[in-house]
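First, one chain by itself in structure tokens, the form predicted alone.
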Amino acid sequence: MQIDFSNYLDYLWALLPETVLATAALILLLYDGFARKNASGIRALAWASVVAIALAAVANVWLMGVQEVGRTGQIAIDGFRIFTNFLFLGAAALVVLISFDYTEREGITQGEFYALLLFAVVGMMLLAGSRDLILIFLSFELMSLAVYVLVGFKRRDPRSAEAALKYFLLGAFSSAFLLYGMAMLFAAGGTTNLGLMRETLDAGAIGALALVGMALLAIGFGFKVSAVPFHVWTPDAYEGAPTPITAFLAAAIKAAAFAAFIRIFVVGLGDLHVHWERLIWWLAMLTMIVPNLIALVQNNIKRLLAYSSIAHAGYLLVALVAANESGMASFLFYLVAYTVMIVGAFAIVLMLAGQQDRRQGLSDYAGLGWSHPWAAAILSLFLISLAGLPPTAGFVGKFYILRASVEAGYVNLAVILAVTTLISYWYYLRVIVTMYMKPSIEPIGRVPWGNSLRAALVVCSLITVLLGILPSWPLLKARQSVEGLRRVVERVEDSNPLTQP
């Protein structure tokens, strides 16, 4: 099937996965208005959400056979969008699965929990597929407004309310930077379409408006992806949010922000790489160094994983700076690996936390290797992968990013990535040492292993191991997915000191 965006009705076909998911979210809201507010009703909504995600995935498969006429539409139909759509849908399905027992345990009987989750995914999918600055901003707001509510969903918990307030205020602040940056780029290029913008902005005679616009956009995206020094909201939001939503923030929300980051900087501003790569270079360096050092002294497991998440944003920024085909392919591969690692880790944290998430201290995990060997073993697998030890997905993902940065001439960033990875071994292995080598002070009693939670952990564990052992096919698919993005950088190495060893 061919889609011609000169015919506005074709947008309905181009947005079929998003339409399916948005319609399902509205149906869930209507159903919740008439359903009984009890555990069985919420469980039915959860299963309906899984079905809706599956239907959206089927629509995304159908999109693979669609051809686009022209390249000026507001929505892209390319491998990058399809790949990231599958990533968002998979992350959302895993989060729904790990939330079954959590919502029952915490007494969360509001059905809008799952509807808001689906609306957030719609915003994320639009972000990854948008070719227009206006649509990117609207998509950000759709995603963000849903997530603000989800972060504060435990209404009677002061930590959740505090997390939501901080996230909302700083999120609104970052949105202002994004909007002003987009306005500057529109003034400089005369268009909000990313494809046309690349043609109108002259790399050799770029004006002050475009430079200011790029700087403001980098700051706005820095907040969205938790890059240093714009990361201050992250630990508090991760600690106070319901744990399934913390996993959603760390995996899917970050991936969506990075997808939009690539759409604007690599596609729309790719010919201006020499102007924006210096700023992203410094963001990547700081984001790798600072959170890894702060994480060394964390005694709260959710805050530790929060700073770990910030550090992983730095690794992804390295791939963005490289901006070559290998960098973009390694970026997508690492997003998949990171999603299953972090969702799996938070699933174990959720399971062990108990009522009101009271067990979050590192000391609470003492002796876990003997009292709950399976939980300790699975958490150890995810921590080892997050650290980047072989033969796991985390090791392969970091290796590919290292190789891409060296190929692009950023040997200095590759060295920083390697050194900060070594630093991270301390706090990841510290958790494992606590579980296996320290006596339990207050033993954790029986923990729930619901079928949905088991399924999510099995999927995350298998993907973490398989991506580490057999990475060739996923990397090939990632490389094919970025072929539609125009390759950046006709770079003269001698003219840029930052690319020198």
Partner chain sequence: MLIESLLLSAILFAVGVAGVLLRRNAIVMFMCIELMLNAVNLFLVAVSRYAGIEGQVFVIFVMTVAAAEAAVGLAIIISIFRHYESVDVRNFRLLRW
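Numbering follows the first chain given and starts at 1. Nothing here was measured: the structure is a model prediction, and the numbers come from that model.
Not pictured, yet referred to below: the form predicted together with the partner chain.
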{"query": "Check all three, Ile134, Leu169 and Gly240, heavy atom within 4.5 Å of the partner chain in the predicted complex", "finding": "yes"}
{"query": "Sole residue of Leu211, Val406, Ala187, Ala377 within 4.5 Å of the partner chain in the predicted complex, by heavy atom", "finding": "Ala187"}
{"query": "The unique member of Asp236, Asp271, Glu106, Asp364 whose heavy atoms fall within 4.5 Å of the partner chain in the predicted complex", "finding": "Asp236"}
{"query": "Touches the partner chain in the predicted complex: Trp426 (any heavy atom, 4.5 Å)", "finding": "no"}
{"query": "is_contact(Ala183, the partner chain) in the predicted complex, heavy atom dist at most 4.5 Å", "finding": "yes"}
{"query": "Proximity of Glu199 to the partner chain in the predicted complex, heavy atoms at 4.5 Å", "finding": "no"}
{"query": "4.5 Å heavy atom contact, Glu141 to the partner chain in the predicted complex", "finding": "yes"}
{"query": "Partner-facing stretch of 309-317, 398-406, 88-96, 142-150, counted where any non-hydrogen atom is within 4.5 angstroms of the partner chain in the predicted complex", "finding": "142-150"}
{"query": "Heavy atom contacts to the partner chain in the predicted complex at 4.5 Å, residues of 144-174 in sequence order", "finding": "Leu145, Tyr148, Val149, Arg155, Arg156, Asp157, Pro158, Arg159, Ala161, Glu162, Ala163, Ala164, Leu165, Lys166, Phe168, Leu169, Ala172, Phe173"}
